[in-house]
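Below sits a lone chain in structure tokens, taken as the form predicted alone.
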Amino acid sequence: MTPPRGEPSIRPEFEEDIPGIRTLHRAAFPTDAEAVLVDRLRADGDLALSLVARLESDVVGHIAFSPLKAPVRALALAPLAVTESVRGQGIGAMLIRTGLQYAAEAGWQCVFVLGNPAYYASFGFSVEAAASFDCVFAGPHLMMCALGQDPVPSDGTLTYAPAFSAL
């Protein structure tokens, strides 16, 4: 596939995007676990926010956010994928920033992500902010980003949506 040209559009997913989202995740990860995760989150009603990046008619990026059971209104960011041919062009960053903005506007207080601290720190995520939360994914790659001005509890238990148990 020749990489599409132009500036990507970022928007919430539509039903017509679902096959492209599935194909993107299957290509971006070693197994189809992330594609299955997104489909299950959607089927379970646990896909609080799902954004796509489109270049021309192609889905070239996707980010998903699902609610966490937590002592605060919190979302989990997972997964994030960008088509290999357009990586390094800032599409992942655009998806993250747009997703965090939508989440804040919808009244969510924070977002947790499991990932590379060096990458996610530039978006306001902090390993230290998540360190005192008890979670199956707790460790040096679990990070939190506070949204808005309200104080966020500094500890508690995080429970991911049931779809994550298959990972």
Ligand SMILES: CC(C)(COP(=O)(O)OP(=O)(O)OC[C@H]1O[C@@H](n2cnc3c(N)ncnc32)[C@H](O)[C@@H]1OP(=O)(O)O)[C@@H](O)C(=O)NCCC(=O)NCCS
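Predicted model only: the values in this text are computed from it and were never measured. We number the residues from 1 along the sequence you see.
Here the subject shifts to the form predicted in complex with this ligand, a form of this protein not shown in this document.
Q: Please run the contact check for I91 against this ligand in the predicted bound form: heavy atoms, 4.5 angstroms, yes or no?
A: Yes, I91 is a contact residue.
Q: Taking heavy atoms only, is Y102 within 4.5 angstroms of this ligand in the predicted bound form?
A: Y102 lies outside the contact set for this ligand.
Q: Even though this ligand is not shown here, does P67 get within 4.5 Å of it in the predicted bound form, heavy atoms only?
A: No - in the predicted bound form, heavy atoms of P67 and this ligand never come within 4.5 Å of each other.
Q: Residue-level question: is L114 within 4.5 Å of this ligand in the predicted bound form, judged on heavy atoms?
A: Judged by the heavy-atom cut-off of 4.5 Å, L114 is in contact with this ligand in the predicted bound form.
Q: Just one stretch in 102-110, 129-137, 116-124, 44-52 has heavy atoms within 4.5 Å of this ligand in the predicted bound form, so which one is it?
A: This holds for exactly one stretch, 116-124.
Q: Would you give me the residues of 61-84 that have any heavy atom within 4.5 Å of this ligand in the predicted bound form, in order from first to last?
A: In sequence order, L80, A81, V82 come within 4.5 Å of the partner.
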